[in-house]
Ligand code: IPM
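Coming up is one lone chain in structure tokens, specifically the form predicted alone.
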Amino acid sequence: MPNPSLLILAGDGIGPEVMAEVKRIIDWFGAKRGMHFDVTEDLVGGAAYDRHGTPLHDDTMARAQAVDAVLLGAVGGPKYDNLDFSVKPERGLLRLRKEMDLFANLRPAQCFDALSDFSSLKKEVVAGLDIMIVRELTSGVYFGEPRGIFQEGNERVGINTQRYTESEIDRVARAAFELAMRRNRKLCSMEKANVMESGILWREVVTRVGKDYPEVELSHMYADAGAMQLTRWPKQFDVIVTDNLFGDLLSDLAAMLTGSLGMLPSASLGAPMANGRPKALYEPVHGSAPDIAGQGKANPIACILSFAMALRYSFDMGDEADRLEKAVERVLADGVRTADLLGAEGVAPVSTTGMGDAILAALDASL
């Protein structure tokens, strides 16, 4: 049987630095666990624009379609701010999501006990938090037509269209229900059915899909009320499913409940391939952080945990994903901190590589 294939797109800013630590961990699994991956690397974002004049070369897109999973670092930076919208670094990421049809974006928000003091909320509100937001990723207001800036009379008007088909809602709802079945069998769907027709359709379709999952407790909530409840008592939720725009907002809000955006991974999943596994792209939630790029200050944990999600969802290696996640938890419990996680006086931060060293040591100790 061939080795699982993985395309690494480190991208821009701190992307190559955090991805270097992931590559060390991939090597560890090969050397210590006999789990070998066929790894190829390519360019995306600003790095691809600098080389090819486009944020994603067609050859790279073809490679992404052919592998079992894609692991991406980060894209963008001030160097590219004045580029035409069509070739900005972020367009490379959006093309990957769209052409791979990665319709279900999984964003976990987990608060490690060792970091519960870092949240802006009270410790008892966030300690032990472990929720998953499933965001629809390839439709909605970010892709709907018509869109653009147009002249109307003596002024311009900006137009974006919120548009969903029943089948688009159905498939992301089923992904969320399947995930809920693997967790605590509790799902909350969020929309704005009180003021948006797309929200009415969303609620109708999710309710219909729910009849195929009678074991799952389904609830509905307006997205603005959901934002309030996430900050009031987030542990009332387990899995949340929502559309593209609300998912973008709510997942970033949930990310900050955990104390640091640099801690959170994500998975974007599509339809099953011939091997039965979904097309998938894994990436940290954080951006390219150009202000600290090249300084060895970046926290690699989000990118490392993104690889753990790949182990779980693309490679059916849930036990090894648990091993890696527990190694991260052990390191944090031992007080190892990168600069973004410092809260106590007198604690010296470790470098990006230093955090990688600590996690590798914890992996060794797990054997």
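In case it trips you up, residue 1 is the first one in the sequence shown, and so on. These figures come from a predicted structure and were not determined experimentally.
Heads up, the form predicted in complex with 3-isopropylmalic acid (IPM) isn't pictured, but that's what we're talking about next.
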With the partner absent here, would R107, R135 and Y142 each sit within 4.5 Å of 3-isopropylmalic acid (IPM) in the predicted bound form, counting heavy atoms only? yes
Could you check which residue among E168, D238, E90, D101 gets a heavy atom within 4.5 Å of 3-isopropylmalic acid (IPM) in the predicted bound form? E90
Position in contact with 3-isopropylmalic acid (IPM) when the complex is considered in the predicted bound form, options A293, L94, L201, L257, heavy atoms within 4.5 Å: L94
Is D248 near 3-isopropylmalic acid (IPM)? Define near as a heavy atom within 4.5 Å, in the predicted bound form. yes
